[in-house]
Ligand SMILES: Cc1ncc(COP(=O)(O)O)c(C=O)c1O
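Below you will find one chain, with nothing else, as C-alpha cells; this is the form predicted on its own, and questions on how it binds or moves follow later.
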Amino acid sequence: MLDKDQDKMLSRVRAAKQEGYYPYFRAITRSLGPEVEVDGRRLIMVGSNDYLGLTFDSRVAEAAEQALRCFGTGPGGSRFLCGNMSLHENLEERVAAFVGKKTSVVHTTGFLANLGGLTCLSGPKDVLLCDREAHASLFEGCRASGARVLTFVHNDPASAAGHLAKISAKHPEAEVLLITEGVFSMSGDVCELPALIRLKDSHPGTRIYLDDAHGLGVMGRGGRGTAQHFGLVRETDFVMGTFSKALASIGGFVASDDEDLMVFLKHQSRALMFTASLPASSAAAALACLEIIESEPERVERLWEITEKARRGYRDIGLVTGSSKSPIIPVFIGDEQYAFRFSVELFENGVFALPAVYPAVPRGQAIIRTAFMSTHEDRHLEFVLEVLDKLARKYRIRACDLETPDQSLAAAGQR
C-alpha cells in the first residue's frame, strides 16, 4: 500500500501526463550524439553528459566490440568472485594515473563507487561533512556508513570551517571526511577546492573526498579533473569519478595515494563484492576514451569553446544562469510546473533538455538543465539559442522580466 506522500507523487505524475506537460522518460529511438530521434523527430540534444562526444567514436566502439568477443556480454559474477578481469585492473591503473593518484578501485557504477567508498572510508566514530547540494549517491553513502553526517552551505568554505570548529570542540577524537563535488551536476558550479583544502591546516584529521564525476574529462589540463585544475592533486585525499560522462561508458572509481586503504576498500566494499562486475565492453570503452583524451586534447578545448559561446548567447538573451563555470549551464525557471511546460515546448520546437526539480534542486528553484558537448556544431548552438530566446520571451523568464531579478539571480547562484 502506498502512503499519503507516495500517492500524492503518483497523482502529480498522472496529472502531468494527462494534461500533456510530463517531460521525463522520453524514449530515444536513435542517437547521433548532438542530435537524437524521438518518435521519428530529430532534436538537438543539450541534456547529455557525453561531454567529449566519444560515445560514437569508432575507436571506442571497436575496443568495446573486441572486448565483448573476448570476454562475452556479461561478467558472470562480482569482481570478488569470478568477475574480475585483466581489463578491470588495467583500467584501475590507467585512471589512477590519469587523475594523478597511485591506485584506484573500480565499481560497476558511479553510484556504487560512492556508496562503497564512503561506507569503507568512515565509521560510527567519524564525521562526514558534506556540501548540502551534493549528489544523492554521496548522501546514500553517508547514511550507510553509520558515521555522524553534517552538511555545510553549498560551496561555502566559511560554513564548512564553522562546522569543523564545532567538531573539534565537541569531538576532538573524530576524523572528518569533507565531501564535495568538483563540478556540481545541476548548477554547473565548480567547488571552492583551494579554500576547502586550506581547512586541513587548521583542522588536522580532516580528509577531502572529491566527487569529480562531471569534472573528469572536462576540467584541468587535458581533462584530468578539478583537482588538477587547481593544482591540488596531492592535497586531495580521495578522487571519485565515473566513466558514464566524458568517458562514454559506465562505471565508477575511487582513487587515492593511500594504497593500503584502497586494498581495504577492495575487500570491504559491499557495493563491489555483491554486485556483478563492470562488463568487459564497458571497461574497454573507458580505456579507449582515456587514450583518445590523452592524445587529442583539442577535444577538451573545443568543449570549452562551444560552452563559452553558449554562455555568451544565454547572457545576450537575458537568461538567469547562476554562477556556472562548466559546460553545465542551468536556465533558472523557478516554478516546477512552469519548468515542465517550458521543457515540453523546447521539445516541440526541436530541443531536447529536461527540467531538474526538487530534490535535485531546492524547492521553488526548478531549472532547465542544459549541457554542451565538444561535438556540438555552431549550427546546433544557433538553433538552440533561437528557440530559447523565443520561449524565454513567451514565458517571461529573462532577468528583465522578473519582478526582482537580483534576488532570482542570487537564488540561482546558490543552488
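Numbering starts at 1 and runs along the sequence shown. Quick caveat, the model's predicted, so the values are computed rather than measured.
We do not show the form predicted together with the ligand, though everything after this point is about it.
- Note on the interface: of 169 to 177, 205 to 213, 124 to 132, 299 to 307, the segment with non-hydrogen atoms within 4.5 angstroms of the ligand in the predicted bound form is 205 to 213.
- Shown here without its partner, the chain carries N84, V254 and S269, none of which come within 4.5 Å of the ligand in the predicted bound form through any heavy atom.
- T275 falls outside the set of residues with a heavy atom inside 4.5 Å of the ligand in the predicted bound form.
- Residue contact with the ligand in the predicted bound form: Y314 places no heavy atom within 4.5 Å of it.
- By the criterion of a heavy atom within 4.5 Å, R79 is excluded from the residues contacting the ligand in the predicted bound form.
- Looking at M240, you'd find a heavy atom of it within 4.5 angstroms of the ligand in the predicted bound form.
- Checked against the ligand in the predicted bound form, the candidates T103, T119, S244, T151 yield a single residue with a heavy atom inside 4.5 Å, and that residue is S244.
- Only one of the listed residues (F71, F230, F111, F139) places a non-hydrogen atom within 4.5 angstroms of the ligand in the predicted bound form, and that residue is F111.
- Scanning 177 to 191 for heavy atoms within 4.5 Å of the ligand in the predicted bound form gives E181, S185 in sequence order.
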